[in-house]
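Okay, here we've got a single chain as structure tokens, the form predicted on its own, with questions on binding and movement later.
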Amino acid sequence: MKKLLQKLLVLDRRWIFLVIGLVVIIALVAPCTTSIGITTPVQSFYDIIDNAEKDKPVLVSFDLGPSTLPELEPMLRAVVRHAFLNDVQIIATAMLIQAPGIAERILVEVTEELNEEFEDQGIDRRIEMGKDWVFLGFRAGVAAVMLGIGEEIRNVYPTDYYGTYLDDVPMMQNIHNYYDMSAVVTVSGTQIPESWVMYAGGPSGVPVLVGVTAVMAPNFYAYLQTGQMAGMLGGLKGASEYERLMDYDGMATKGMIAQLWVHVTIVIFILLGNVAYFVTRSGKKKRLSVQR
């Protein structure tokens, strides 16, 4: 037993990485479940989307880049899916130049995913661009864009991302500014959500819902307490709570399960390492005392 513990102390770290990698793969593939409590900011976020008026779309701003995709993509997919299932239209924008490709991919993938599900279930319904969602793309100048949307969205985005004039997009016929929208959703790993509060939520009173990385979440709790932000999803945990409210096992739920088992594995390695250290150290002390 002592020899085994001694080997643990000099174990090549590559074996540890291999074990953790296997744990992640098994957790993602195996039908595992975990209990997730629902926090108030997530419940508020969910309720606003769930109760949104059918004739007032939600503006979803994809304010993220590739580096934050692992945390933020699951919440974007969940929000887009939730809106579509509730017949709530989406106006999609992007405040970062890296975001349009990400936004387009998520919108198209969720659309195709839902249409396949409708077809498999025999539901006579299809999600369509122009009817259920419109993607406006990127415009430079965060504050100017947000203020411009508050006056007339066509002043900032005369056409959508594909060059179609907004007046020719069916779902945009009676949409002009924030007063015609149910909420503004911004998902970002930056401070851009603060700008949405100042230039959209403040002047118009439209609810501002925020999705941020876990490390950024503490920066925005003050806005939640004052009511300037109506709801928040913080990191993978927040996204998994949202999926739980939707009764949907998406990327965040699977990610949380994998994260849980990785943490358990790391704790086991730490405990084994400490046990091995103290056992071998006590053995050394005994040998030294005998020699003396």
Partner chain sequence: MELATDIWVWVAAILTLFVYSFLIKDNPLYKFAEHAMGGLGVGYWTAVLFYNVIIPDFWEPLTIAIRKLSMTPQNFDAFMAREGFSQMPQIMQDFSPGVSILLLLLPAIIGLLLFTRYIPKIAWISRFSLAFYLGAASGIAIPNTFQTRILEQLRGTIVQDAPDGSVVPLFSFDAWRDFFAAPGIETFFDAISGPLLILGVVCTLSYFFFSKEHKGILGGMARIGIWFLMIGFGASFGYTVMGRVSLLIGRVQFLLTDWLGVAG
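Numbering follows the first chain given and starts at 1. Heads up, when I say rigid core I mean the largest set of C-alphas that superpose within 1.5 Å between the two forms. Keep in mind the model is a prediction, meaning the values are calculated, not measured.
Heads up, the form predicted in complex with its partner chain isn't pictured, but that's what we're talking about next.
**Student:** Is I123 close enough to touch its partner chain in the predicted bound form, meaning at least one heavy atom pair within 4.5 Å?
**Tutor:** I123 lies outside the contact set for its partner chain.
**Student:** Could you tell me if Y179 has a non-hydrogen atom within 4.5 Å of its partner chain in the predicted bound form?
**Tutor:** No, Y179 is distant from the partner.
**Student:** Is F118 near its partner chain? Define near as a heavy atom within 4.5 Å, in the predicted bound form.
**Tutor:** No - in the predicted bound form, heavy atoms of F118 and its partner chain never come within 4.5 Å of each other.
**Student:** When the contact criterion is heavy atoms within 4.5 Å, does P170 count as touching its partner chain in the predicted bound form?
**Tutor:** Result no; P170 lies far from its partner chain in the predicted bound form.
**Student:** Tell me which stretch of 179-187, 212-220, 84-92, 123-131 has a heavy atom within 4.5 angstroms of its partner chain in the predicted bound form.
**Tutor:** Of the stretches listed, the one contacting the partner is 212-220.
**Student:** From first to last in sequence, which residues of 110-144 have any non-hydrogen atom within 4.5 angstroms of its partner chain in the predicted bound form?
**Tutor:** Stretch hits, in order: G137, F138, R139, A140, A143.
**Student:** Against the rigid core, is the Cα displacement of L69 between this form and the one not shown at least 2 Å?
**Tutor:** For L69, whose C-alpha is compared between this form and the one not shown after core superposition, the shift is less than 2 Å.
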